[in-house]
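So this first bit is one chain, no partners, the form predicted alone, shown in structure tokens.
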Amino acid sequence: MPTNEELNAELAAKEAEIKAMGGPEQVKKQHELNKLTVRERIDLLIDPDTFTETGMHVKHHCHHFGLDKVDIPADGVVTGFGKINGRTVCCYGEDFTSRGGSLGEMHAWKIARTMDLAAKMRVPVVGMLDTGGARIQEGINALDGYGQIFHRNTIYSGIVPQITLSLGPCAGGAVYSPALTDWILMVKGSSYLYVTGPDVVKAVMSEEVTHEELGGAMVHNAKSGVAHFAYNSDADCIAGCKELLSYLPQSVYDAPAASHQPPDDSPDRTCPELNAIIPENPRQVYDMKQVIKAIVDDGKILEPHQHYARNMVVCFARMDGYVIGIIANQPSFMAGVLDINASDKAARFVRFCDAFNIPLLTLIDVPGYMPGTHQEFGGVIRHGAKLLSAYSEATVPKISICTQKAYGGAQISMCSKSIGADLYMAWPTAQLAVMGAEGAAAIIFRREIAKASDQQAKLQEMTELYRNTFNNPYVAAAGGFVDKVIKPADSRREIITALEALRHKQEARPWKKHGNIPL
């Protein structure tokens, strides 16, 4: 019988062999691709000396096509739990040096078990993907493994935050787990997401297309909207994940104050620069991000989807140390108009914040919906309804501020009182109406204008009449649609006061299994 010393030595030898992953040559190839190995990634992600690896000795069960003679260390995926900035998380990372990180039955079992553990522990789960896809030798067992993961992505959605770091290739069915998670972070030049690879596209469509053009980081950050953040390296991506987690609760069971950080920025600070930020010429634009950075703690925000649907801004920030989610029209891009992509972007962010008890601040300057057949044929009605549904469904504190324009149906969609804003404030420059004054005057007074000797002068006269009658915040306030007209400089103080008052808000809804959001 071996001695305890011999048994311990055997354990150490086995662990060293497994931690060598695919061996020196494969590790070298990984580095040549500007990628870290999975264990290097975990070392960067997890606080030192806090990682507990699970399933290290798991082996695949496949005996077909020579795979029974192949050893795949840890079955190509490292799983476990540890701490990030002192808070526990579960994580898994695929090992591309070991059979290309291909997913088989036991590989998937390890991931699924890690997700189950995260749900039990009530902590976030971070997945680092770097895979050639399903392990072909395992047939339907591999496909069932993906299904097991997809199922857990879905049932744990809204229970614990789920974050995907795409750090290499990810093709075919493998892409749907990332798509089911809350946030996708990608690396430029080395991570790819696509259902069908470039070779297939070329064969079917006779199109020359590269990996980067088809499914690279900027394609999914700027064009498809599939991904939310793009970075230049694995290390930057991992640092971005850690920053994102600092804004998120551990789970839905956390109190909103769980992510509070004592602020250095005074809650009573005014923002005098905002008093003059709205141009006097209505044809000029301004940058809504300047407004956001002026009112939040230390001017610091974390902006997902910054390259996608840029007519809408969504971001995390802190106010008086408490995390808040901000949704804002961006007048400096497409005039801040609502369209298909902007509606989807905002609705998804609203639903995430509501799921995890993060209060919502909406900053409104919207001229309406984007006109045109492309939008109509693309289903702008259906997509716009998602935003209405998301805001109406949300029960977290909801504060809205209209800075300038709030026209037509878009005014309703941007968290108006009618769909659930708890407090709706407006700057003196706000205009809440069916449409702009000039367009409205041209319709209402068309006969008078047509009869006038100087039609342009008459149009201007009627425009001013309409503007003075309707396009100011006091008319809306008189009807109870605006709760308070505030000086722009006081916005930060007013928001923080409202957030404090709403911190323990409770809103009961009728029981139902779930609603039917217009997907």
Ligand code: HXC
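Numbers follow the displayed sequence, beginning with 1. Fair warning: this is a prediction, and the values are worked out from it, not measured in the lab.
What comes next is about the form predicted in complex with hexanoyl-coenzyme A (HXC), which does not appear here.
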Here the chain appears without its partner; judged in the predicted bound form, the stretch of 146-154, 423-431, 230-238, 246-254 with heavy atoms within 4.5 Å of hexanoyl-coenzyme A (HXC) is 146-154
With heavy atoms only and a cut-off of 4.5 Å, decide whether residue 133 touches hexanoyl-coenzyme A (HXC) in the predicted bound form. yes
Verify the contact flag for residue 216: yes if a non-hydrogen atom of it lies within 4.5 Å of a non-hydrogen atom of hexanoyl-coenzyme A (HXC) in the predicted bound form, no if not. no
Heavy atoms within 4.5 Å of hexanoyl-coenzyme A (HXC) in the predicted bound form: does residue 92 have any? no
Please determine whether residue 99 contacts hexanoyl-coenzyme A (HXC) in the predicted bound form, using a 4.5 Å cut-off between heavy atoms. yes
Does hexanoyl-coenzyme A (HXC) come within 4.5 Å of a heavy atom in each of 322, 359 and 398 in the predicted bound form? no
Of 162, 141, 137, 375, the one that lies within 4.5 Å of hexanoyl-coenzyme A (HXC) in the predicted bound form (heavy atoms): 137
State the residue from 349, 391, 194, 316 whose non-hydrogen atoms include one within 4.5 Å of hexanoyl-coenzyme A (HXC) in the predicted bound form. 194
What residues in 138-173 sit within 4.5 Å of hexanoyl-coenzyme A (HXC) in the predicted bound form, counting heavy atoms only? 143, 146, 150, 169, 171, 172, 173
